[in-house]
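As structure tokens, one chain now follows by itself in the form predicted on its own.
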């Protein structure tokens, strides 16, 4: 089957809080923007029963309701949304390509906001009871089916304790397996105090899951005491796992810089090591993973994707112009010698009148232009990694092609090179 090709300014992979926010910013900047989401718009926030710490919602609000507002705003801005799974991605200086089962989407910039998936315990028999057979990851989705029943929660972080308290609205008993010593949890202090005071919650300290048991459907969780090694069988009607998430970066391995856990490395502008590719949200290597931080990431990624595209158009049509022999001067505006040489370059351009075009790049303000120039220079001596460029430097171009990179900036050297380019024809 031949796949259909479509062109976009920005393709965002992932439709959670970060992806939707990035989409809103990109579309508002008049960029043709596509969000690809493989399952449910809103991401993991749609599995959260109550969100109390997202600004603007003074009363407790559900994750699904908040995410619906995100979706509504993104669509109003003109963001296109496709619910499908990304199979492969290809990044290159000639553009980026995102491939699904039926389509190949070409993009000037890509924002990766793929989030994560629930971490499993890896206990015995776990695979047999996932999702509709007793092991769940979403209290909002599945709490009602455990009305007047007994459930277990694995974990002691904010999600585990808060979702455990939500489950007590339905279940008769919520048993919480905690890895730590008695009284120690990973959740915030307020949540801990409320949970310990909740008569429907029972805690099993110093335990982890040894196995899941049942006849077709989970009816027993076997816990192992980490201090004594003793096994304890706990009868349950269901079990909820809240022990963290694994970043969805499988298709990116070997293509982009990841940390040891698989999260994407970025700078504070959400830029990855690949020019024009950004990352935002829980998939990024960062400390705090909340809706609020995902929104911040998405906003920064969206703004910088727009700036990248603007810089790319400047680079293609102005920096690598074809009308004249090009003299690209790269310097640091805070360097006195660099400023002196800039005056020299401007005088040289005046001497050649209509034959030479000078373009000036401040390496710090125009970092993205430097990265593009580095990619375009390739093996012509210009370092691709910003920060290792010899400043100041000049890049000579002709017919929109880079000819040479040099740090020799004497007037005679520059003039001789320009004369040579003006008198020759590139093959």
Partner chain sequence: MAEKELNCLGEACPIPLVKAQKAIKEIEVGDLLIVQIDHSCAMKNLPEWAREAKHNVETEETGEGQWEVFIEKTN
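Numbering follows the first chain given and starts at 1. No experiment lies behind these values; they were computed from the predicted model shown.
The same protein also has a form predicted together with its partner chain, omitted here; what follows describes it.
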Proximity to its partner chain in the predicted bound form, single hit among 165, 309, 138, 300 (heavy atom within 4.5 Å): 138
Of 401, 28, 68, 365, the one that lies within 4.5 Å of its partner chain in the predicted bound form (heavy atoms): 68
Complete contact of 57, 73 and 169 with its partner chain in the predicted bound form (any heavy atom, 4.5 Å): no
Non-hydrogen atom contact residue 145 with its partner chain in the predicted bound form at 4.5 angstroms: yes
Contact of residue 39 with its partner chain in the predicted bound form (heavy atom, 4.5 Å): yes
Residue 323 within 4.5 Å of its partner chain in the predicted bound form, heavy atoms: no
Distance check, residue 32 to its partner chain in the predicted bound form, heavy atom within 4.5 Å: no
One stretch from 254 to 262, 130 to 138, 89 to 97, 291 to 299 that, in the predicted bound form, holds residues within 4.5 Å of its partner chain by heavy atom: 130 to 138
Residues in 247 to 274 close to its partner chain in the predicted bound form, defined by a heavy atom within 4.5 Å, in order: none
